[in-house]
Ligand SMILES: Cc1cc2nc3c(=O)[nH]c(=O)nc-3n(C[C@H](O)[C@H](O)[C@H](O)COP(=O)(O)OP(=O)(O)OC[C@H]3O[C@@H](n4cnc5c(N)ncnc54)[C@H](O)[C@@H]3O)c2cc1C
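Quick heads-up: it's one chain on its own, the form predicted alone, in C-alpha cells.
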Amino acid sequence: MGKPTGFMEVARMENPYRDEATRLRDFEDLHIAQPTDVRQAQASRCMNCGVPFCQSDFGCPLHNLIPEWNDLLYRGREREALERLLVTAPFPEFTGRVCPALCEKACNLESEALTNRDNELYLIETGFEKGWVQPRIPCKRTGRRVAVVGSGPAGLATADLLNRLGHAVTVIERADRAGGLLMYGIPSMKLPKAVVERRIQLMEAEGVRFLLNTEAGPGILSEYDAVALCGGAKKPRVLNVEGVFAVDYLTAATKAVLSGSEPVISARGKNVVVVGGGDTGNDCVGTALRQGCVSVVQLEMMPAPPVDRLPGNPWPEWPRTLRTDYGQLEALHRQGADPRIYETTVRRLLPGAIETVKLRGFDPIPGTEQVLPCDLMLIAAGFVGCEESTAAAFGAKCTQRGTLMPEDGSHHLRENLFSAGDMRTGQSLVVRALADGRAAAMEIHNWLGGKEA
C-alpha cells in the first residue's frame, strides 16, 4: 500500500507550472516534470483504501488500477507500474496532461489527494524514454475489417482496442492530421502535438491504418464488417451575436504553431472577448495572450462558483467550486486582474466594441449595460451535439440532444453501424471519450463474433 505513513509525512506536490513570464513567450509545455524521487514520494502517499473511490464511478471513468500502480511506483518497480496502468489506460500521455483528474477529487485524502495524473504521466513518459513502450502487434488477425470515422479520443481508443483484439482497423479522418480535438482542439502548451503524433506513429506500427484528408461516406458500410462513428460533438452553440467559434480559432492557432507561420485568425494587437467560462474559454485566453493581444476578457453567464463545497455537493462528487486555470493565472499576471466577468452576456456588437449586460438568472438587468473594447470575439459557449450532415450521411437519427445514442443505451445504431464518444453521449471529457471508445470496441468485437486473436 505504498508507505503506511506516507500520507502523513509527505505533502501533496503537483508538477509546477513554468512561471508566467516565461511560458507566455511560447507554446511549450505548461508544466515542469519532477524527478523520480519526487514521484516515488508522491506515490508513497497512497493508502490503498478498502474502498478506493479513485477508481470507482465517482473517480476514473477508465477504472484505472490506481492503488496498484502507485504502490509499484513507490517501490521503484516502474516498468511493472506502467504495465498495470496500461491494462486500463490506452493513452496515459494524454490523460496525464489534460484530464481534470476526477480520481483525485474522489480520493479519500480529499484536498490533499494523490497526484495520480502526474504519476501516470511520469510512468508513460519514462516508458517511452526507456524503450518499454513498443508496438504491441496481435499474433493473429481475425480477418474482420473495421472502419473508425474520426480520430479524436474516442476514435483512437476504439481503434486501439479493436486492433489489439486482432481486427484490421482503418481510421478515417477529414483533417490533415490525426488526433481530432487532441490535435486541433487543445492548444499545444496544454498537449504538445509531438506527443499526439508519437502515439499515432505507434498505432501505425501496430497495424492501424489512417486515411487523412478523407470524408467518410455511407459506402464504407458495405466495404467493412463494422463501422464506428466517432466524430465528436462538433456543432457549436450559436449566440445571438456573431463571432469566431473557439475551435476554429484554436485550430488556426495550432496550425500556425506547427507550420511556424502567422495564424489565419490572430489575436495579435487586438482587444479580445471570450464568451464562455469553461475549459475551452480558458484555452482561448491563454492562446490570445501568447499571440500578443492587447487585452482579454472572459464572460460567463453563470454566477461565480463557491470557493468551498456546498452541502449539496459532498465528497466524493466532483467539486463544483471555483477553479482558476492556467489561462486566467496568465491574464492575472499580464493584466493585473482576473479576466472573468460573471453573470454577464453580450447584448450587441458595436464598432470596435461590444455592449454587455448583467444577468439575474438568464434575464438581463436593465441599467447594467457596459461597453468593452472588442476587436475579436471568441465564442466558447459549448457544443450542442454532432454534425447533422454526418449523421444524415449514414442514415442515423439524432436524439433531441443532437447525439447518436441508441434507445437501448448501447453503441449499436443499426446493422453494422456503431457510435462512440461525444457523438454518442454529447460533449464530455477526454477520459470519458476514451472509456466510451473502449466500451464500443468491445461491443463491436462481440458483435463480430467475440473471438480474440
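Because the structure is a prediction, the values reported are computed rather than measured. From 1 onward, residues are counted along the sequence shown.
Beyond what is shown, the protein has a form predicted in complex with the named molecule; the following relates to that form.
Only one of the listed residues (L24, M13, L429, M442) places a non-hydrogen atom within 4.5 angstroms of the named molecule in the predicted complex, and that residue is L429. Only one of C230, A288, V169, I379 comes within 4.5 Å of the named molecule in the predicted complex through a heavy atom, and that residue is C230.
Residue contact with the named molecule in the predicted complex: P263 places no heavy atom within 4.5 Å of it. The shortest heavy atom separation between R174 and the named molecule in the predicted complex is within 4.5 Å.
Although the partner is absent here, F383 is a contact residue: one of its heavy atoms lies within 4.5 angstroms of the named molecule in the predicted complex. The named molecule is not drawn, but in the predicted complex it has a heavy atom within 4.5 Å of P100. In short, of 347 to 355, 232 to 240, 139 to 147, 367 to 375 it is 232 to 240 that has heavy atoms within 4.5 Å of the named molecule in the predicted complex.
Scanning 139 to 166 for heavy atoms within 4.5 Å of the named molecule in the predicted complex gives V149, G150, S151, G152, P153, A154, G155 in sequence order.
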